[in-house]
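First, one chain by itself in C-alpha cells, the form predicted on its own.
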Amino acid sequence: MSRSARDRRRDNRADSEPTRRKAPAFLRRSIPAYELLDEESLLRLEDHAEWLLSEIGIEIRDDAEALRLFEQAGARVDGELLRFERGQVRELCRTAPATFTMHARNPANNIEFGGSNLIFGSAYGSPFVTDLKGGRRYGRLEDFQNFIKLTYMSPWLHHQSGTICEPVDVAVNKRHLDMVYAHLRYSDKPFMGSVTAPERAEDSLAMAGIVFGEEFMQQNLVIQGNINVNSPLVYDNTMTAALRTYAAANQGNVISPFIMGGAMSPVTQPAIIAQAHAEVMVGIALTQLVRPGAPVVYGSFLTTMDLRSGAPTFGTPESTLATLAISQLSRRMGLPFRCGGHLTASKVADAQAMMESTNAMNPAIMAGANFIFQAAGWLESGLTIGYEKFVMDAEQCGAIARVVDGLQVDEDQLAVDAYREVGVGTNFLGVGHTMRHYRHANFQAELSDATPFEQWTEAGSKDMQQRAYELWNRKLEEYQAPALDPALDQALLDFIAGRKASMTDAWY
C-alpha cells in the first residue's frame, strides 16, 4: 500500500472518531500513593535489611573492582562476601539523585524520573513472541523492530525498554548492536542498552554517543542498563560490570531484585521485602562508589510462586502487599521507584491474562511507582511477548493515565452552565457544555466494543484478541520512521559493521 493510501485511510478514520487529546511524554500523578505500613513496621523492615547486610552478608562474584570499591568504603570483605556496619550502605546511597531527566533523541519525548512522575515502558527479555495467527515462536530481529515501532506509535508508552524480545536469529555476541540500532533508528523515545557483557554495554554507550554526542552524555542521561540481582543476596560479574560501565559514563541503572518467595527468599512477605531492600541498596551504593550522583532507579520485582508446582504466579494478593510496602521503603530512600506492570502467567491474551495483569498493575499505581516497564506485552511469566497483549496493555495504560490525572473540581467541571441551560427533566446531550467536552470528557478506547449485539454480530462477532490482531497489523502498516540525520545513521551502520567484522559469531 502506498503512503498516500495509508494517509487517506488514516484521515478518513480520524474524521469518524472523536479527536484524541495529545498524550504527554510522561505522566504526572495527581492522586496520592497508598501508605500501607505504619512507622513501626517500616522501621522493622529497615532494621531487618540492615541485619541481613551486617550478619548474613551479600556476595559479589568475579568482580575484583567492585569488591575493592566496597572495601575502600569500609565494608568487611571475606573472599567475595561483603558485610557492612548498620547504616553504612544506606549512607553510601545518599548521593544518588532524587529526580533526574532522561533525554530522548526527540527532546519532546524527554522523561523525568522521581517525584510525582509516572513512566510506562514496554516488556523486556522474552525469548518467544506470539500472535493470534502465527502462534508462539522464537523472537526474531523483525519482531524486535516491530515492537519498537509499536512502542513508538503508542501515546501511552513513554520508554522503549531494552531487550523487548530476544532476536535469536542474530548471534548472541552481535545482537545487541542490532537492538540498539533499532532503538535509535525506529523510534525517538528513551531506551535501555545491553547489560549481558561489559563490552556490550560499552558498545551501547558508543552508539548512543554517535547520536547524542559524547560531550552531551557526560552531563546528561540518555541510556540505561537494567541490572538484576542474582537473589538471594548475590550479584554476579555480568551485572556489576555492566552497572559500573553505565555509572562511570554518568548513565543510568535500574537496580531490580527478582524474587519469587519460597525460591529466592523465605516464603513470607516481610522477609522478601527486607531482603529486596538490602539487595537493591547494595547495587545503588555501587553506582555511587563508581560515580557519585550517577542516576539510578530503585527497582523491585517481587512475586509469589505456586508452592505445589514451583511455577511463578502474578497478580496475587501477597505480591500486591509486597509492592505497596517496598514502595514506601523506596520513598524513604528518596529515590525513583520501579516495579512490574501488566504481568501474567497466562500463555495467551485471555481472561486470565487480563485479570492477573490488572491485579499486578493496580498495586503499582496505588504504590506511586515512577517507572513501570513490563507495562505492555508480557505473557507466560515473561517467556513470551504477545502482539495482541501488547496493544491491549498499551490501551490500558491510557486508561490508567486518565485515573492518575485525578479530578479537577471547578465551576466548569461542575457544569453550572449546563444545569442553567437545561433546568430539570431534559437530557444533556445537546447542551453547550456537552458539546465543548464530548471529545475529551472520557477516555476513548480503540479496542473495547460497546456497540449493540446486532451491530457487533454484523461486524463479525470479533472478540478482543481479534480486534487487537487487526489493530497492531494496521499500526505497523501505517508506521513511519522518525527522522534521523543520514550522516548519523551511516555512522551507526559503519560502527555496527566494524564491530561485527571484529568477531566471529557466538551462539551462547
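Everything quoted here is computed from the prediction, not taken from an experiment. In this text, residue numbers run from 1 along the sequence as written. So that the term is clear: the rigid core is the largest set of C-alpha atoms that superpose within 1.5 Å between two forms.
If you look for the form predicted together with another copy of the chain, you will not find it shown, but the lines that follow are about it.
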item	value
Contacting member of 145, 240, 109, 304, with respect to another copy of the chain in the predicted bound form [4.5 Å, heavy atom]	304
Proximity to another copy of the chain in the predicted bound form, single hit among 75, 208, 264, 294 (heavy atom within 4.5 Å)	264
Stretch in contact, per heavy atom within 4.5 angstroms of another copy of the chain in the predicted bound form, of 321-329, 171-179, 282-290, 187-195	321-329
Any non-hydrogen atom of residue 469 within 4.5 angstroms of another copy of the chain in the predicted bound form	no
Residue 482: touches another copy of the chain in the predicted bound form, heavy atom cutoff 4.5 angstroms	no
Heavy atom of residue 473 within 4.5 Å of another copy of the chain in the predicted bound form	no
Residue 392, heavy atom within 4.5 angstroms of another copy of the chain in the predicted bound form	yes
Another copy of the chain in the predicted bound form - contacting residues of 421-438, heavy atom within 4.5 Å	423, 424, 425, 426, 427, 428, 429, 433, 434, 437, 438
CA of residue 419, rigid core aligned, shift of 2 Å or more between the shown form and the other one	yes
